[in-house]
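One chain is shown next in structure tokens, namely the form predicted alone.
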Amino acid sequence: MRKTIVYGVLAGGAILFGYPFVWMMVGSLKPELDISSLSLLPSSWSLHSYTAVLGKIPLARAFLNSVLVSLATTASVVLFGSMVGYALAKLNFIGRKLLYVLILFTMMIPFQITLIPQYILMVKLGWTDSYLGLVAPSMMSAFGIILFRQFFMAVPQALIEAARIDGCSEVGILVRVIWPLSRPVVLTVGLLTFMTSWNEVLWPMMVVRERSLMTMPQIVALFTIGGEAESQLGPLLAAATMLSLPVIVAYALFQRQFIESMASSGVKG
């Protein structure tokens, strides 16, 4: 009886949280007049909303821009975050604890405080309206460093000492010993970074004005608030569906590793 109640509550929660997404996806395939209904069974199926979106905004180019920016950001965060996390977890040097505290402190600073200084820096460097301006401010992540550091603390020191005795450098230890053992945390940091970068709207709005360089969230936001949808709900739902599908698919593929890493990283000090 207890399991039945627990599973019933979980099923109810899943329906409560999942229904809006399912309704959005189904609504994007409905005729415009049927969208206002809460029913998931339309009178007919139509791709008119998707053709309307693709005909009004360069969504394919924006999709490629988002993929490029998100993958570049994810790769840099995983690479540099793992290096810093390894140093904080396994190397002894002066100021290690202070550096870790400073990294924790940066997580307490609202991003709105650093937004304007970052924009001024991009302008001074001439990186506005470029991919570099989109990627550079997000190449390091304090949260990613902390996750890597917590995970690496659980790696036996004997493995590292054995690699050093064999003549392996610190970079070699990271690549040949640590990374193969850290697949869950690498996938977790990568997935979180990819989702964050993919959904970013405010920063691209500030540094990119050229339509050919706009990311998918940015151009969808302009499509929504700029009047190009012509007050039609169908194209808005279609644009939102195409924007959310890559993140949903990525999480569905790697959710097991994500949960495993969060559990193993969160119980160790």
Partner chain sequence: MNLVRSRRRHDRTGVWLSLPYVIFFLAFVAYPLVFSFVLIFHRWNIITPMEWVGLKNFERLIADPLFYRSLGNTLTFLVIHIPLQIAVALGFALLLNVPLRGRGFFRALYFLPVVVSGVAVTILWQQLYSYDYGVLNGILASVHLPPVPWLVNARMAMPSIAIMATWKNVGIYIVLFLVGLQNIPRELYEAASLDGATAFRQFRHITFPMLNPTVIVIVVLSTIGGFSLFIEPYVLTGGGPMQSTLSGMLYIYNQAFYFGHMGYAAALGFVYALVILGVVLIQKKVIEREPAT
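Numbering follows the first chain given and starts at 1. None of the values given here were measured: they were computed from a predicted structure.
Omitted here: the form predicted in complex with the partner chain. The next part is about that form.
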At 4.5 Å between heavy atoms, is Phe151 in contact with the partner chain in the predicted bound form?
no
Under a 4.5 Å heavy atom criterion, is Val53 part of the interface with the partner chain in the predicted bound form?
no
Is there a heavy atom of Leu253 lying 4.5 Å or less from a heavy atom of the partner chain in the predicted bound form?
no
Check whether Val220 has any heavy atom within 4.5 Å of a heavy atom of the partner chain in the predicted bound form, and answer yes or no.
yes
Since the partner isn't included here, can you check whether the partner chain sits close to all of Ala60, Leu181 and Ser197 in the predicted bound form (heavy atom within 4.5 Å for each)?
no
The one option of Leu121, Val177, Val155, Leu71 with any heavy atom within 4.5 Å of the partner chain in the predicted bound form is Leu121
Could you list the residues in 105-122 that come within 4.5 Å of the partner chain in the predicted bound form, counting only heavy atoms and keeping sequence order?
Phe105, Thr106, Met108, Ile109, Pro110, Phe111, Gln112, Ile113, Thr114, Leu115, Ile116, Pro117, Gln118, Tyr119, Ile120, Leu121, Met122
